[in-house]
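Next up, structure tokens for two forms of one chain, structure 1 and then structure 2.
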Structure 1
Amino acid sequence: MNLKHDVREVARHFQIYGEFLGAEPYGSGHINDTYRASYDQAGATTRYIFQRINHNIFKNPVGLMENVQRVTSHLAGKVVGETDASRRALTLIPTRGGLAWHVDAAGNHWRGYLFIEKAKTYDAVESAEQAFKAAKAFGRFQKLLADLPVPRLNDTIPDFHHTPKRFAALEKVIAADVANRAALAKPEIEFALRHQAICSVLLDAQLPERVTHNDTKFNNVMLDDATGEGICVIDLDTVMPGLVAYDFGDMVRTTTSPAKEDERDLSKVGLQFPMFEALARGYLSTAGEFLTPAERKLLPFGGKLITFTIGLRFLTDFLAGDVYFKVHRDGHNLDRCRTQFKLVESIEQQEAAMNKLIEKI
């Protein structure tokens, strides 16, 4: 296979014993380049993940890797002694020079992880049980990081979930219309502009800052093949100080509608209440004990706001000519935006019931 990167050459720099057998692109993330590599270790085949950090998006890859090192070692300390401990937190592979990342000749930053075997990620949720288990794992993740020692983690992307700034970025690309696409997205632009009033609600609510994941989409938690348990939270690039409403919100965005993020048949997109209920119960089973009343109350709103915000970002990228998210077909970002806005509408219709349920649990 002709790969975009020479993974064999990258892999040489990591402390892995055995013979490199090969590597292939892996996963469906929108940002980094992920490869699964196989090794022959004394007759047994063992696998590893190598990832190239997208430095166009993460401008400070070293600061990012410092975060990842601190977070993974903190989590490893928490799960030590549990069965299957090495599958419950990501484990970085050190380089031959003893660092947690390798910089290649082209200036790319690479990291290696133990491959979490016998578990999978899913691009679309299949059952309420999965929603429960994923949310429980993300809640536990926040709980385990609540006592991460100072200093504050680096902001790997400043203002990542700052919706008013995301809104302003959209207004800017609408005005410039560099790719000549605004005419193709009229209803979506109108939808976005109509919703400006919700943008600053969470920022104005004076919620506590915590260590949060910030990218809790359903395919960023690995579910155990045998038990379905959310065994390991992955994709730690955006773990930084944030609000729990965004984390819960991104779970709502990606686990309450059974459709894929880029589904074209919008009749398949919508919040299914039993999924939301499972999600809320799963999350509160681990995070419930540390949330303040205000945080708890704003969880459903977080679902609406983050879905709207990610929709804004897809729309912005569509209008800018697809410069941020990886795309695999024409109009891909517009399709993604449409599913988000459809889901926002569906949440709006059910928001009162969602709020009531959170009060009840």
Structure 2
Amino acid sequence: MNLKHDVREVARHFQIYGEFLGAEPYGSGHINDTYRASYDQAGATTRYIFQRINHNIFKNPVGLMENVQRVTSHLAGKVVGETDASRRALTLIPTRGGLAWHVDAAGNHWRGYLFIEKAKTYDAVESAEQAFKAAKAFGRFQKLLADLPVPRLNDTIPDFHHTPKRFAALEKVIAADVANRAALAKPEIEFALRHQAICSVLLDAQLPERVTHNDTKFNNVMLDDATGEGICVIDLDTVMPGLVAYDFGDMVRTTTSPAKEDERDLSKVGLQFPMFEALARGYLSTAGEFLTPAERKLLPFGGKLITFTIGLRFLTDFLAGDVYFKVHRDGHNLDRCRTQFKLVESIEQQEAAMNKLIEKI
């Protein structure tokens, strides 16, 4: 198999002993290049993950890796003594020079992890029980990091969930209309403008800053093959200071609607309440211990705001000429925007019931 990178050469720089047997591309991520490598260690095969960090997205890979090193070390200390402790937090493999990352001749930053066996990720949720278990794992992840010592983590993507700034970027591209597309997106632009008032609600609520994951898609939790338990939260590149409503909100956005992110048949898009209930119960079963009343109350709103924010980003990119997200057809970003805005509408229709459920749990 022809690999994009010489993984054998990269692997040589990490503290791994035994014979390198080979490597293959791994996972469905779109940002970093990920490989699973196998080694013969005293007659047994052991597997590792190697990842090249995409420095076009993450401009400060060293700051990012400092975060990952601190977070994985803190989590490892918290799970000591638990059954399967080595599978409950990602384990970084140090380089032969003792660092947590290796820089290759081309200037790429690489990291190595121990591969977590007998667990996998799923690109789409298959049941409410799976949603419950994933949300429980994300809530536990936040809880275990709630006492991470100072200093504050680095912002790996500054203003990642800053909705007012995302809205300002949209207004700018509407005015410029460089791709001459504003007329094609008139209803979506009007929807965005009508919702401007919600942009700063979370920022104005004076909620405590937490260590948050910031990319809580369902496929960022590994579920145990035997028990289905959410065993390990992965993809720590966007772990940084944030609000818990962002994390819960992105779970709502990516798990509660059965439709794909670019579904053209909008009748398929909508929040399924049983799936929302599973997320809420799972998340609060672990995170409920440290949340303030204000944080808890704003969880459903987080679902609406994060969905709206991602819709803004797709709309902005469509109007700018598709410069950020990869597209595979004409109007792809507009299709993505429409699914997000349709989900926002569905959340608004059920928001009172969602709030009532959170109060009840």
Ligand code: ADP
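Since this is a predicted model, take the numbers as computed values, not measurements. Each residue is numbered by where it sits in the sequence of structure 1, with counting from 1. Just so we're on the same page, rigid core means the largest C-alpha set that superposes within 1.5 Å between forms.
Note on provenance: structure 2 matches the form predicted on its own. Relative to the superposed core, V344 shifts its CA atom by 2 Å or more between the two structures. For Q130, a C-alpha deviation below 2 angstroms is recorded between the two structures after rigid-core alignment. With the core held fixed, F167 shows a CA shift of 2 Å or greater between the two structures.
After superposing on the rigid core, the C-alpha of A185 is displaced by 5.6 Å between the two structures. Once the core of the two forms is superposed, the Cα of P258 has moved 3.4 Å between the two structures.
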